[in-house]
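Consider the single chain below, provided in structure tokens and representing the form predicted alone.
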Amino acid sequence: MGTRGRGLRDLRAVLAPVAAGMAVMAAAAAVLVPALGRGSGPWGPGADAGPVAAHRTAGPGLPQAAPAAPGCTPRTAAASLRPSAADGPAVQRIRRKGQLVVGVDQNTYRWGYRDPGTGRLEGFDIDLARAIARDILGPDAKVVFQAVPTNQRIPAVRQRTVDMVVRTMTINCARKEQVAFSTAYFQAGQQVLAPKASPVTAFDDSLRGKRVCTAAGSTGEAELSRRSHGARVVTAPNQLDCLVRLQLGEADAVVTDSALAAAQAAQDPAVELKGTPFTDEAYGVAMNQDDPDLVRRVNKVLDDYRRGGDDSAWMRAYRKWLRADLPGIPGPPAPEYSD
């Protein structure tokens, strides 16, 4: 069994108690948050930049372009360019601007959301974006967060509205035809979310005739287009919109990433995950295909982020943001490289 197969097996094992309602947390977080403007300004002090380790640098023997999508398969989709600390054209462009513009979510509890007490964007993805900004721009880095709906992530990268997207974005071959990805920083899979009293039991024929909501442009929408199990598919701009429709009785179930579904179950104790993840998906940082040096630089940051075992920055972020809802994950997915 390959690395990604083991990742899916481990994720299913981790999510089994969550699906049974044993690890669902009731949280006093706001379901709806204010709209995010053009940016939130510099992030505040208090984050530890951590040590910067030495890395292999891309040289003449390594291809400089992003990996070609035509050679992509589901087994190799998560492979990316080898890490490099070199300051290429894209990195230099960001330094000249003096800020890193990152497309993020502002509505997903634990991943990217605005804390109602502080007004500050927080979450697992937000911590990663700040780590990337510190590596490129230094300890006083300015990172500008721009809220991007699910179906606008790729256009934002291609049109350079943002330098990158860090937003629970699944790496797959269709997307790699349009954008470049970092190595995987989290492993997830599609799963069903529904009220605890619902007759829906999993991604199966129990969905027949039910209104199933998923975010437009998401991998959930793609899966439902391939096999709907007789469901009536409803799309919304963001995954949180689907939870709201579920709460309002305008949808019977939601299909979304298992990690996001666990976060939504933490927001609303009346819903729970059903069944187990039915796909194997890796989250990556999306960047413009013309910025291979930035891809390599982000992969270098991810190498730093993973390093240190149980005391790594990745594990600290996991314990802070995700462990309560996704217990038992032993560590980040191993990086895979195409070159």
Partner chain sequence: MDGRPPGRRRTAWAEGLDQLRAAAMTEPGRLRAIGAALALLVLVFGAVTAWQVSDRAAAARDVVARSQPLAADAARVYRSLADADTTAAAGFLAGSVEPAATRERYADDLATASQLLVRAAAGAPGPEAADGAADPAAAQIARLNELLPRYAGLVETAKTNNRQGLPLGGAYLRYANERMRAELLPAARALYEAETARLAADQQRAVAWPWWALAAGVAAIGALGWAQRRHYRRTHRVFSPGLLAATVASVAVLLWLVAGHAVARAGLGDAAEHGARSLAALNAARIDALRARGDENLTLVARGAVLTADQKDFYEVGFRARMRDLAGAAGPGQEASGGALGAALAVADGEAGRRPVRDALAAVREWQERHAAARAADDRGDYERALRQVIGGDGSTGASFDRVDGGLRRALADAQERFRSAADGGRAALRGLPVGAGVLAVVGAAAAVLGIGRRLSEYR
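Note that the structure is a prediction, hence the values are computed from the model and not measured. Positions refer to the first chain, counted from 1. Only the largest set of C-alpha atoms that superpose within 1.5 Å between the two forms is called the rigid core.
Not on display, but discussed next: the form predicted together with its partner chain.
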property	result
Contact assignment for its partner chain in the predicted complex, among 244, 154, 136, 234, heavy atom within 4.5 Å	244
218, 190, 183, 106 - the one with a heavy atom within 4.5 Å of its partner chain in the predicted complex	106
In the predicted complex, segment of 89-97, 251-259, 170-178, 146-154 with a heavy atom within 4.5 Å of its partner chain	146-154
Exercise: residue 129 in contact with its partner chain in the predicted complex, heavy atom 4.5 Å	no
Non-hydrogen atom contact residue 199 with its partner chain in the predicted complex at 4.5 angstroms	no
Interface membership of residue 206, its partner chain in the predicted complex, 4.5 Å heavy atom rule	no
Heavy atom of residue 240 within 4.5 Å of its partner chain in the predicted complex	yes
In the predicted complex: members of 172-186 within 4.5 Å of its partner chain, any heavy atom	none
Rigid-core frame, C-alpha of residue 211, shift of 2 angstroms or more between this form and the one not shown	yes
Did residue 127 shift 2 Å or more between this form and the one not shown, C-alpha, core superposed	no
Direction of C-alpha distance change in the predicted complex, residue 235 to residue 181 (at least 3 Å)	farther
Distance trend in the predicted complex - C-alpha atoms of residue 147 and residue 235, change of 3 Å or more	farther
